[in-house]
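First comes one chain, alone, set out as structure tokens in the form predicted on its own.
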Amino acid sequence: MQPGPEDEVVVETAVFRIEGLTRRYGDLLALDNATLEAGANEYISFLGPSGSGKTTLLRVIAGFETPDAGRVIFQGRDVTNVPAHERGIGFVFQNFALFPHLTVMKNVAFGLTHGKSGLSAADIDRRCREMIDMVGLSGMEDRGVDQISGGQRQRVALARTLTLRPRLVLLDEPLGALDANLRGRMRNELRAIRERLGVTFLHVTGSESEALAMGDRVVVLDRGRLIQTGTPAEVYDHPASPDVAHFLNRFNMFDGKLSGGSFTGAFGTAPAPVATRSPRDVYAVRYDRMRVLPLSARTDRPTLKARYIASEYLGSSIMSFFDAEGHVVEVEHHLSLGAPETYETRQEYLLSWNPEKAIVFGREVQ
């Protein structure tokens, strides 16, 4: 008997790889030729807006959906047509998918007691208690899941997945249902758990701060395409397109015209000797690289006249908002740099920046 495609063994150094994954729903192209690989013990964050294909990608990798084209390679094996329960890939759902009538212990043990683990009852009990202890829920084994907090339910869902000892864990916006304080704590705990187990995590999120904080690499999706992959620093400091810069939610973006090494926009003309090719001419300046000057100030840097609206206190920084003829411009001041300036509401100021720190996109690239 000849082996089928799902039995093909591929010489592979990556734990996981996808090749040209495409998925359609009627006329909607949810995944468009997605290709990526992940190494052992790596944390990859997938970032993109609603409808970008993040969850569809996870579901295809997990085996809950079949791609129209492309392959999924896991641990050197083509698993594209292997059923989800035979892949050895863990999945943590956005809503946790816990059984409300079962205790914490029985929820965690469910996959082992109802699957083909081959473990004795004593071994299942021991493994589940190890995972419950690892996620910090010791002493809660006999509680119902309706008797614990949202953050604790998230840990139960993670422990249930980890008892199966997968080499790859998929997390579909696992922190989305938690409040801000819990999200911050669970970020650190998820990374610590992954590092202790040496498991690769693929984490889908719509939060740019979550993606940058958690991923060893960040993958940005838009309309089913993987439009940039890099370390958090690479993506944050060098977005590959105006869309990536927009998703990061850290840039003031100005339309205009790139020509002859200069960019002309609402602020006038600024030097732009370096630019990234794009079908749109866009000039981007990070919020924390903008400076506020008195209207009478003189500078050889680009300036934009704007009217002060209001400020927000964000804990570690102050975000100030200005109106430049209908265009809202944001200026961030990190409190570690000293006390912030105070501005008068509806008063006009000059916003300025170092043009060498701007990121320019355009059709005409030198």
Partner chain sequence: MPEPAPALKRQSMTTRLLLAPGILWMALFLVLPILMIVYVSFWTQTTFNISPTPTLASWKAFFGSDTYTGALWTTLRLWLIILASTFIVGYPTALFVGLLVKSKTVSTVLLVICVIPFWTSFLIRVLAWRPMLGKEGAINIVLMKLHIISQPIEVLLFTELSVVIGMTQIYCVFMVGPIAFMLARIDRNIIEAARDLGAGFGRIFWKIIFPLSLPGVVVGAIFVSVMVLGEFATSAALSGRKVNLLGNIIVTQVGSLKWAMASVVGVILTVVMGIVIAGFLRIVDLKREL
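Positions refer to the first chain, counted from 1. Bear in mind the structure is a predicted one, so any value in this text is a computation, not a measurement.
The discussion below concerns the form predicted together with its partner chain, not included here.
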{"property": "Three-residue site 209, 235 and 285 fully in contact with its partner chain in the predicted bound form at 4.5 Å by heavy atom", "result": "no"}
{"property": "Which of 266 to 274, 286 to 294, 97 to 105, 131 to 139 lines the interface with its partner chain in the predicted bound form (heavy atom within 4.5 Å)", "result": "97 to 105"}
{"property": "Interface residue in the predicted bound form among 76, 198, 261, 115, criterion: non-hydrogen atom within 4.5 angstroms of its partner chain", "result": "115"}
{"property": "The single option of 256, 111, 230, 151 touching its partner chain in the predicted bound form, heavy atom within 4.5 Å", "result": "111"}
{"property": "Residue 160: touches its partner chain in the predicted bound form, heavy atom cutoff 4.5 angstroms", "result": "yes"}
{"property": "Contact of residue 313 with its partner chain in the predicted bound form (heavy atom, 4.5 Å)", "result": "no"}
{"property": "4.5 Å heavy atom contact, residue 126 and its partner chain in the predicted bound form", "result": "no"}
{"property": "Contact flag, residue 251 vs its partner chain in the predicted bound form, heavy atom cut 4.5 Å", "result": "no"}
{"property": "Neighbours of its partner chain in the predicted bound form among 77 to 98 [non-hydrogen atom within 4.5 angstroms]", "result": "84, 85, 89, 90, 91, 93, 95, 97, 98"}
